[in-house]
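Next up: a single chain in structure tokens, the form predicted alone.
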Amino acid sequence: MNGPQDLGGAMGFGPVRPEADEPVFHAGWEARVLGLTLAAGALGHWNIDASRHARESLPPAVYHASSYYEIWLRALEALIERQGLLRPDAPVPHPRRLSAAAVPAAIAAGTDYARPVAAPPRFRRGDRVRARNIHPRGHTRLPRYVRGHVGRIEAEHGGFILPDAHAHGRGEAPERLYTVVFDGAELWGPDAEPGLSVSVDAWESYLEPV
């Protein structure tokens, strides 16, 4: 969806100012929000793509007025309410609760989103491709600012779960994933920063040959 998170090339938000020696968390509540998000996700009622979609579905005025972890918290509240996890009849404790002792191993293990794909790659390194001009109502990882623009395949990474399907309960629908490099002038015209290029990881269905 064309949500408030899709800001590549948008003006009016001021410069990005990296913070020297930036801490992992600026306040204790941010660490708690991260912990709550991970623990709630471990219950198995949604996946990472549904979680991302919940964040990008926040009203733009709310999204842009919220800090990074405020966005996480607001999306988590929506997911918990949607799944009925606070109903009086909800099981306590939840059968899939993540105990404190299990957290280090769970984080170290991570989650593997790579999946086999039988069909051969449609594109190869060096191919010129165009990002499709799509405006789906649901979740997608194709940035709005590259849609309709031409880039070049830099790498092919094998098969991965397709977020567009995964976020909405339509299965994993794995596709091949590519890194596509776009020239800044292709994306933003003559006002682009000289020498700028942008690398985007794009699933195969996002691309068409040139």
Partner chain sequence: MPHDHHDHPHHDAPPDPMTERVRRLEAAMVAKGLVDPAAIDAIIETYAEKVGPKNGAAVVARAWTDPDFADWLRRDATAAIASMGYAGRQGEHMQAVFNTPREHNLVVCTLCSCYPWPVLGLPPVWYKSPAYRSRAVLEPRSVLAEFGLELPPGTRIRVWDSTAELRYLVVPMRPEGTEGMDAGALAALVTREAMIGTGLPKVPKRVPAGVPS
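Residue numbers count along the first chain shown, from 1. Here, rigid core means the biggest group of C-alpha atoms that superpose within 1.5 Å across both forms. Computed from a predicted structure; not experimentally measured.
Quick note: we don't show the form predicted in complex with its partner chain, though the next part is all about it.
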property: Contact of residue 97 with its partner chain in the predicted bound form (heavy atom, 4.5 Å); result: yes
property: Residue 32 within 4.5 Å of its partner chain in the predicted bound form, heavy atoms; result: yes
property: Contact of residue 169 with its partner chain in the predicted bound form (heavy atom, 4.5 Å); result: no
property: Interface membership of residue 177, its partner chain in the predicted bound form, 4.5 Å heavy atom rule; result: yes
property: Answer option from 88, 126, 120, 116, heavy atom within 4.5 Å of its partner chain in the predicted bound form; result: 88
property: Partner contacts in the predicted bound form for 167-201 (non-hydrogen atom within 4.5 angstroms of its partner chain); result: 177, 179, 181, 183, 188, 193, 194, 195, 196, 197, 198, 199, 200, 201
property: Post core alignment: residue 195 C-alpha displaced by 2 Å or more between this form and the one not shown; result: no
